[in-house]
Structures are given as C-alpha cells and as structure tokens.
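Just one chain is shown here, as structure tokens, and it is the form predicted alone.
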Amino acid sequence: MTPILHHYETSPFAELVRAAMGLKRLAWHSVIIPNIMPKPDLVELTGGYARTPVLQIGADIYCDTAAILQALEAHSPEPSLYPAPLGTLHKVMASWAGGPQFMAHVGAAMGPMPEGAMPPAFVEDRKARFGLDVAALGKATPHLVSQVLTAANWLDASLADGRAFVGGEAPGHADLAFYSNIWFVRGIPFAKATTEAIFAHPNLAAWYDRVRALGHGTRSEISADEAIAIAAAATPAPVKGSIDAPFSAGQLVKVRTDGSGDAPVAGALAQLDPTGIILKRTGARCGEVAVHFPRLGQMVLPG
C-alpha cells in the first residue's frame, strides 16, 4: 500500500521524512495540511495529534518521526535507514538531533527574525501549543547559535576521515536528522550569517550535498478526503507487540506528547512496549484506525 505523508513544505521534520522517502526510493502520496490549528482532516485520522508530519499506510496512522521511520523501515526494508556499523545507534543520534539540537536550530533560525516577520496567527498557535515566547527567543539567540555551530563543528570533525555519511558509506536516520535541522536554518533568510558559518565547514558542506542528492522519492498529490477514504476502506495491520504492566489490552487510555498543548489521543490500548504504542480508535469519516506512537516522548494515562 502506498504511504501517504500529511505535511507542509517548510516543516523540518517533514523534510526529514521526505528525505527518508528519497533514501528508500519510495513512491508516496502527499497531503498538504495547514501549518497552524485547526487541522480537522488530520485530527480525524489521529484523534487529536496535530504535529507535523503524520504518515498513513492504509488504516495505520503514524505520529512522530520516530514511529514514521520505523514504519517506513518495515514497509520497505532496503535500503535500510539503520545500516551497519551503527545500526540502531542511528536512533540514539537522531533523538539528540531531534531534541535539544532541534530546538537550538529552530531558535538560531527564527530568533533573528524582525518583529512582524512571522504571521501573528502562527506566533499565537506556537505560543498556545508549544510555549513559544518570541521575546525570550530573541534574547537566547546568541546562545542557541553557539549550540548550532558547536554541533556543526562536531559533525564536520566526524566526517574528516573521509566517510561519506555519519555511519560510513551508507546514509541513515542520523544523517537525515542532522540534515533536516541544517536545512531549516538554511531556508530562513534572516539566519544567513549562521548558515554561512555552518557551511564554512567543508566536510559538512560536502556531506549535506550528498544527503540532499538522495531526493524525495516519487511524490504525487492527493486530497485529505482521498486519504480519509483510503483509511475507511482499509483495515489496521495486525498488532505484533505486547503490553507492559500495569496496563492491559483493550484498556481505554490517553496518549499525550511531552511538551505539547495538543489534545491527547484517546483509544483502546493495543500495544505498549519499548517498540511503540498503538491505540485503536474510530473516526466518523475514517472508520477504525490504529494510531501509532513511539514509546519515548509520550505519556500514557488511564482513560
């Protein structure tokens, strides 16, 4: 079944997943979603999760890039997102890139923006959902830039032995995570000085071009209504994982993403173990779907 990515063009996490499609040379469907709330068609599928991106494969809905890349790896194992010698250590590195380093890169990119450069509705959305404080961000920008440039120095030094990618000759999840952060900074004109400082590292610059050359696979556009109809016509895949105590199969629970003001997702628990979380829920238009989350970064609460 063809993967469907619900995303918008300027999202750095969406760029990570688009690059993963390119690494795997996948054909995929694109559904463009709003970059601020409300997102009624997306929430119809997820039950409340509204971050970007979300991956859909039939009636299985994957939230957060960690769950999305795991799903793509299962869907199309070769070429792997976790090549030797690093293997799943790619996940550890990507978690750092997508956590403190992501916030540093966002701050370094957006902090220099002059007042009024961001639409007021966008600022209000990010303030309500993620606690964005534009004034505080501006004050923290010099520190955040220092964190970005330190990471750039580390990455450049890691590539100095001639390796093509972070783990060797094959690209993987960690490459995509580092790349998408830098891609975001590079796309903000007000961060030109930081971008130039990042790309002054020659090994990093050559590596960036190699990751970018992976492309985005073969993309075709469909509507949100078409994606919802695909979910309604499909059946969620069988669940293979287990459920950790003290929870039980079928228990009604809510899953909330750490640090998010979005509504929690409620449903019947189908999986809860180190490999991920799955809730079964029914939407008015999409029918029964399985909503997948990674275990890290998600709070599971009795429903």
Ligand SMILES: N[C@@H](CCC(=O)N[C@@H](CS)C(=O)NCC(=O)O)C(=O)O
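For every residue, the number given is its place in the sequence shown, counted from 1. Please read these numbers as outputs of a predicted model, since none were measured by experiment.
The same protein also exists as the form predicted together with the ligand; that form is not shown, yet it is the one meant from here on.
Partner contacts here mean any heavy atom within 4.5 Å of the ligand in the model of the complex, and among 22-30, 243-251, 49-57, 269-277 they occur only in 49-57.
Taking Phe130, Trp154, Trp96, Phe199 one by one, only a single residue has any non-hydrogen atom within 4.5 Å of the ligand in the model of the complex, and it is Phe130. For Phe102, a non-hydrogen atom is located within 4.5 Å of the ligand in the model of the complex, even though that partner is not displayed. Although the partner is absent here, Asp41 is not a contact residue: none of its heavy atoms lies within 4.5 angstroms of the ligand in the model of the complex. Among heavy atoms of Lys91, none comes within 4.5 Å of the ligand in the model of the complex.
Taking the partner from elsewhere, Arg126 is found to have a heavy atom lying within 4.5 Å of the ligand in the model of the complex. Residues from 4-28 that approach the ligand in the model of the complex with a non-hydrogen atom closer than or equal to 4.5 Å are Tyr8, Ser11, Pro12, Phe13, in the order they occur in the chain.
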